[in-house]
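Here's a solo chain for you in structure tokens, the form predicted on its own.
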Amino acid sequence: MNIKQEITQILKTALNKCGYEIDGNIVSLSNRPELADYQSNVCFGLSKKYKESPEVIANKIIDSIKSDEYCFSFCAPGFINIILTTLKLSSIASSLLCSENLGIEKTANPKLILLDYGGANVAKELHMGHLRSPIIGQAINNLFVLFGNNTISDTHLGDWGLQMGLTIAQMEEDGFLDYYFKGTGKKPEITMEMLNVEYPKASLRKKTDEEFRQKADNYTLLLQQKKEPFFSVWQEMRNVSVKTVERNYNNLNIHFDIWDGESSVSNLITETINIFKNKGLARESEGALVVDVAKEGENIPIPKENEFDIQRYKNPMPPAIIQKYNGGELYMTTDLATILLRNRQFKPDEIVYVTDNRQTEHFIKLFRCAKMAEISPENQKLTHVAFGTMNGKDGKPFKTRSGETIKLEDVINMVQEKAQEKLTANGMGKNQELAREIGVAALKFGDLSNDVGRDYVLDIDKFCSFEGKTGPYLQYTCARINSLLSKTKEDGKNFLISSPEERNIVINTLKLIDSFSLALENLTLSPICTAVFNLAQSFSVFYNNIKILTEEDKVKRQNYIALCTLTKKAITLALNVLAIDTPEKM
């Protein structure tokens, strides 16, 4: 059901009758909901074109319209206001309640979308930096599916880069790998606790110990060549890491179809590099192999004041490095090989990457390389959804009091504990699973309600509140409706919208439906979050002002019950897209 489309058609018919023509969108939701449900500013454009005042044009159009479903009126200085009649609203509400997915129309041309939104690194504990990508990615995935597209989700683990060589080198020097390197002792059990100590130590050490850095570089190369014992150690590290990553993602209601990583394309690296060589796209630079991806106007060198200065550029876009000086692979190499593999296996119409906005330059280079080498077909869309940083109340990246990055598991525990405090205060007692559902909802909604590209403040107290624009408030609204419906055996199906409270529920449901398209168009979930919150608020006013179950008039009572059912259906659909649970009780 598309109300804007219906109104647009009525207006266009009227325009033709009056001898007017204009292109573009001519109907929008009213920015003054107290005056109208929808509005059109078409008269301003027509005024310039036909040299008539907006008021004259508006009145001509309105006079030519005859409708029992919509009321059209003029609003100075040149708007046409549109209000849905009671009859129309009742008909809409009835149709929405009976339809699947609130009548949201499936796309006529479904696409296959491959989404890459994991990004966890093997040998490293998931931390705050790994939170936004799966939360945003899963919701975008669900949004594509809502409109009838097919999706494939890939966590694409970071399991083949320098962090592997660093960790193996450190573990060897600390005596954990004597079984592999010296043939002595028992085979060690590599644990996440061990990796959580060894990788940070190695990562810090590489900054000051050049000999160790070179050793780790060499170990990475030997691993990428699948030499022993490096490959066997890596397999053990990968297995224990994946188990931890999967547990954390499951706690967040995040799921993937594919658990591949950079290592999955190790056999395609040489072929990928040769594609660039054979097409004359690669050149050698200081022993490395690079591809010039700068477009005209980029990479313009700024003259140096003296020969020892660093070369700087106007609008810099340095070349993409596809092979290191020692023959080793980089993220660029494995990402290009991954596109090659994905196109051979799935041939997706679009590949969507969800990552930190600090990787924007990497993806510009990646997409340009893929198109230049025709690894990505001309008609394939490559999309990078770049998100901002999650900060603490001080406006800086969220860290512990000691300045360390917080583990993702600890964040989940923090919101779960806060949710349990709320449940206990509300007399619900201890319920670990319910506390997890509420805590995760708080975390996700707090994230997704912000525009995807913006930084935001993680305020756990605010996010976990059962009041205001929060995930728990929406869950509580659904639970309140469940409680109300459980007290009656009546099954309301017919609508007769009369009061302002009822009207607001239906209008806000329509706005929620509209928000799904807006979210898909911009690949950000904030429009849905705003719309579903407004719907929940309108239900709260209805709930507080209207006697629902004690209404003596049977027709009205059944209408109220039907509105409750519709509201629950709409909020549940929105929360499902956001991958948020809707508990039966709270």
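Don't overthink the numbering: it's just position in the shown sequence, from 1. Note that the structure is predicted; figures quoted are calculated from it, not measured.
The same protein also exists as the form predicted together with arginine; that form is not shown, yet it is the one meant from here on.
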Worksheet item: Which listed residue (Pro348, Gly328, Gly119, Gly446) meets the criterion of a heavy atom within 4.5 Å of arginine in the predicted bound form?
Response: Gly119
Worksheet item: Within 4.5 Å of arginine in the predicted bound form, heavy atoms considered, which of Asp335, Glu437, Glu198, Glu125?
Response: Asp335
Item to complete: Answer yes or no: in the predicted bound form, does arginine come within 4.5 Å of a heavy atom in every one of Gly158, Tyr353 and Gln359?
Response: yes
Worksheet item: Since the chain is shown here on its own, which stretch among 279 to 287, 150 to 158, 420 to 428, 90 to 98 would lie within 4.5 Å of arginine in the predicted bound form, judged by heavy atoms?
Response: 150 to 158
Worksheet item: Does arginine get within 4.5 angstroms of any non-hydrogen atom of His130 in the predicted bound form?
Response: yes
Worksheet item: Counting only non-hydrogen atoms and a 4.5 angstroms cut-off, does Phe212 reach arginine in the predicted bound form?
Response: no
Worksheet item: Phe363 near arginine in the predicted bound form, any heavy atom under 4.5 Å?
Response: yes
